[in-house]
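Given as structure tokens, the chain that follows is alone and in the form predicted on its own.
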Amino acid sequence: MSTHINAPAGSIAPRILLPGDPLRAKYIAENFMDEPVQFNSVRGMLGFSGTYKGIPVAVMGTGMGIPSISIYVEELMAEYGVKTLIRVGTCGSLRADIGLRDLILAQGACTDNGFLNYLFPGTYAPIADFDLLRTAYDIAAEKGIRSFTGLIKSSDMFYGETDVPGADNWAKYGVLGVEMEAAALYTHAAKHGCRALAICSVSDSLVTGEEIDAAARERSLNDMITVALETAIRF
């Protein structure tokens, strides 16, 4: 067992979905997985192992922000041998044509967090695993689910994101949306030679001000979950 995950060795599938919200992990386990078994509840960060279409898969919450997800994905890869990690989260759209519940497939992740400065003397550019990205894109297209592929920003701020100097440059330079975890996921996965992808469902627009409520964020993002699971079981 690791410091933050109360699971015995071999109890976590080699492919895992990672929502920020532990209640979304519970929702995924109860509504999409067969015979889910809870393997973690430390600090309320619920995790479950089960199967999807007969293939072992797990799901666990990561909490919000780069420090929180960094702890969990590091332990999942280093101590439990997880090889494929797919974030299933929400994000804010930076483009008017990317609407509520559209998917953003994060090809790469920019960040204003300082953690990369501790690791590199220059600027590291965290990117998704190409095979996961391509598979998720194809699955979304086959199912008629609107998706956009490109850069996302992993921010340290939730409130006041658009108030800081230069905030409009992110969209101007091609960033599609804002969330809080993808850059860390991609960086840790690169360290361990694992596959990682962030799939985010748009929960609010920083352009139009539209948003979905908290209950919908937790329970109604089924397109994103389906694309993620269908992608995960191929690896």
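Quick note: we count residues from 1 along the sequence shown, nothing fancier. Not measured: the values here are computed from a predicted model.
Missing here is the form predicted in complex with a small molecule; even so, the following discussion is about that form.
Worksheet entry | the small molecule contact in the model of the complex: Val178, any heavy atom under 4.5 Å | It does: once the small molecule is placed as it appears in the model of the complex, Val178 has a heavy atom within 4.5 Å of it.
Fill in: Cys91, heavy atom within 4.5 angstroms of the small molecule in the model of the complex
Cys91 belongs to the contact set for the small molecule.
Fill in: 4.5 angstroms heavy atom contact with the small molecule in the model of the complex for Leu206
Judged by the heavy-atom cut-off of 4.5 Å, Leu206 is in contact with the small molecule in the model of the complex.
Discussion item. Using a 4.5 angstroms cut-off on non-hydrogen atoms, would Phe130 count as touching the small molecule in the model of the complex?
Written reply: Output for Phe130 is no: heavy atoms all beyond 4.5 Å of the small molecule.
Discussion item. Looking at heavy atoms inside 4.5 Å, which stretch does the small molecule contact in the model of the complex, given the options 115 to 123, 134 to 142, 83 to 91, 69 to 77?
Written reply: Residues of 83 to 91 come within 4.5 Å of the partner.
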